[in-house]
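There is one chain below, alone, in structure tokens, taken in the form predicted alone.
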């Protein structure tokens, strides 16, 4: 019924234009010839990274409409980190009979419920940024996909940035790197894997020691990143050599804490690495106040989200996964945004790859 109504509206608009002598100029798609699609985009929180991401999604849909003559009405909502609130937002999208839902979930463990509800309403789903379990991606094959990056890669690159330093992060030369980790929200796949693989990678080159004994729960927040780093500097003094932050927001907080302490110099007797390569982090990198970061390529991910969404809107079967790569950034030029190819994988292929990765550990 929804599609029939849209077709009727399009036909009436086209008839009115012909009766009035209207029409497009040469090289343009005449008004009324394209279709109209309504897309709901649910974002976990408009933090620095997801603000860039959702703005790029809007831009990409606008560019797509200019090329194909379709109209993409994009409704983007902010859950502000509230799981219950986001559930209601997605339910509203389903009630509104959206043509497609893009979901950056507060809690990826609830992805199966989102997909089941969307499946009942026959609304394709593109999951982004926060990877759900492999099992979830089998709930509605062909109509559900995940567009993202492999979080293990970002952790590996963080570890490599420190390992490639002349000192390997070992400021005092005792053969051990004393570090702290500023961790994103508990249970988040990106947070868990960045935390794990940054250290596993560095340990291939040198012995490491989590001087605090556990991670600091920073919840991706700059203020918490500053507070936890300040506490660590007070407690451990110059024994603290490296700060691993799961994102740039917390890394920036760490830099602020170090600068306020006034007795340490980043790049000389302490090192800080983040993830995302947001503008503020790149500026700190340029000034020599950040050791490195990892580009979480919002540009390519957003472009692929829109490309994949349009495939789904056209009735095409989707692959289970569309992957992009992180980019290791030790100088601003490394973070240049340019269109890159994605890699497709099936659920079966990802299952095998993840199993092989666990065996290798």
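Computed from a prediction, not measured in an experiment: that's the story for all the values here. Numbering follows the first chain given and starts at 1.
There is another form of the same protein, the form predicted in complex with a small molecule; it is not shown, and what comes next is about it.
S.K.: Which one, 127 to 135, 114 to 122, 160 to 168, 84 to 92, holds residues whose non-hydrogen atoms are within 4.5 Å of the small molecule in the predicted bound form?
M.R.: That would be stretch 127 to 135.
S.K.: Only one of 188, 195, 291, 208 gets a heavy atom within 4.5 Å of the small molecule in the predicted bound form. Which one?
M.R.: Partner contact (heavy atom, 4.5 Å) among the options: 188.
S.K.: So the small molecule isn't shown here. In the predicted bound form, which residue out of 321, 49, 61, 299 has a non-hydrogen atom within 4.5 Å of it?
M.R.: Spelling it out, the residue with a heavy atom inside the cut-off is 49.
S.K.: Does the small molecule come within 4.5 Å of a heavy atom in each of 181, 215 and 244 in the predicted bound form?
M.R.: Heavy-atom distance to the small molecule in the predicted bound form: none of the three under 4.5 Å.
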